[in-house]
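Okay, so here's just one chain, in structure tokens, the form predicted on its own.
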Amino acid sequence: MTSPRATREELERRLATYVGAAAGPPEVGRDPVDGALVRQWCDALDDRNPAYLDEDAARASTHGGLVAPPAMLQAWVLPGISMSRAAADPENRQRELHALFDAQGYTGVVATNCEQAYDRYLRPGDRVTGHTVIESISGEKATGLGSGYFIDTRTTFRDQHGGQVGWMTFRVLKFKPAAPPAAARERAAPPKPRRLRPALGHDNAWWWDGLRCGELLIQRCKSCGQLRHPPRPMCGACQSTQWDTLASGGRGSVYSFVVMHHPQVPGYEYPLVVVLVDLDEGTRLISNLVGVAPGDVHIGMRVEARIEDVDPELALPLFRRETSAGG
């Protein structure tokens, strides 16, 4: 049950009671500053500073030993999965504040600013605690996202001895999402899902380029004449890396097929008939069979491929029943 809507004056009087209050209990780091987490952080950011990673180099530096990257300051107190239980914590004034905004229609939230300062480097074995206070709440502001309030919190980080090691201010905007005009709502309609895109590389991009030019190409070994598909850099028969291409007429017969009903991947129409076709040139190709009822497909059916645009950016060879055959 939501609380009744308050006037702006009533709301702002209630908001004022939160300013200066602790956002919740102190955030106590569950583990001490640790080299393993530092390595993971450095790997993620590609930070090779030896003061963080090389014990010998760090010992010889001005630090006299390993230190943690300052920007990791908040990482040492993040509670992980326990955050999902914090919403029910009666001492969590920050979540209570956000719930108050939600009840008044300010359901949108976006982070707008973060600032940190560091008093000293943290070292392996340090234990960090964060103390967060709701520092300020602005008056109502008109923004591009909608009217709302800026909430500033300030977290002071302390070590196991109570000494301050750094601080962080964090600002979010709680806003009433502005309703877009009708034309914008129409433009915002989700686009029609597209088929999965091919993974293009040096060894196969030429084949997709051929489709865009209206050609169904087959790779052919220059040494032994073996045809192969899908494209690959070496002949499986003689191991030659020399090759050229042969333009296929796209005709062949169904060697095997499957009719897919589930799972239904967005971008495809179901039931989806997937066929493995023996091309007349002497190799096989997998694609879709269209224009034929799934119950009418059979092994040996004569088919022919047409290169068709399945969306504005993708052309595929789709098979249909061969026009010169009765099926």
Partner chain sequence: MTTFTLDTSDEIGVARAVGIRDLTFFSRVPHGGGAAVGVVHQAAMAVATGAARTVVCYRALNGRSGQRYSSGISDGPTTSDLIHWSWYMPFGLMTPASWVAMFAQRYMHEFGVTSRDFAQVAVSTRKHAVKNPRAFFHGKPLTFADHQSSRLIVEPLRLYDCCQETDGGCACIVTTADRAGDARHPAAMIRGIAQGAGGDQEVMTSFYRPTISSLPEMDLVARQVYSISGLRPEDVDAAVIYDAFTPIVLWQLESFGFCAAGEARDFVNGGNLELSGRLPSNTHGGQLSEAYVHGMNGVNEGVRLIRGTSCNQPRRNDHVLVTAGVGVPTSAMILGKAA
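Numbering follows the first chain given and starts at 1. Rigid core (definition): largest C-alpha set, two forms, superposition within 1.5 Å. What you see is a predicted model, and the numbers here were worked out from it, not measured in a lab.
Missing here is the form predicted in complex with the partner chain; even so, the following discussion is about that form.
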Inset, instruction - Could you work out which of Arg212, Lys222, Lys141, Arg197 is the residue within 4.5 angstroms of the partner chain in the model of the complex, going by heavy atoms? - result: Arg197
Inset, instruction - State the residue from Pro193, Pro233, Gly125, Gly201 whose non-hydrogen atoms include one within 4.5 Å of the partner chain in the model of the complex. - result: Gly201
Inset, instruction - Indicate whether the candidate residues Val265, Ile286 and Pro317 are all in contact with the partner chain in the model of the complex, with contact defined as any heavy atom within 4.5 Å. - result: yes
Legend entry - Any non-hydrogen atom of Val292 within 4.5 angstroms of the partner chain in the model of the complex: no
Legend entry - Non-hydrogen atom contact Val275 with the partner chain in the model of the complex at 4.5 angstroms: yes
Inset, instruction - Answer with yes or no whether Tyr255 is in contact with the partner chain in the model of the complex, where contact means some heavy atom within 4.5 Å. - result: yes
Inset, instruction - Would you please decide whether Trp243 lies within 4.5 angstroms of the partner chain in the model of the complex, comparing each non-hydrogen atom pair? - result: no
Legend entry - Segment that reaches the partner chain in the model of the complex - one of 244-252, 128-136, 204-212, 97-105, heavy atoms within 4.5 Å: 204-212
Legend entry - Residue shift check between this form and the one not shown, rigid core fit, Pro317 Cα at least 2 Å: yes
Inset, instruction - Tell me, please, whether between this form and the one not shown the C-alpha of Ser256 is shifted by 2 Å or more, with the rigid core used for superposition. - result: yes
Legend entry - Is_shifted Arg39 between this form and the one not shown (CA, 2 Å cut-off, rigid core): no
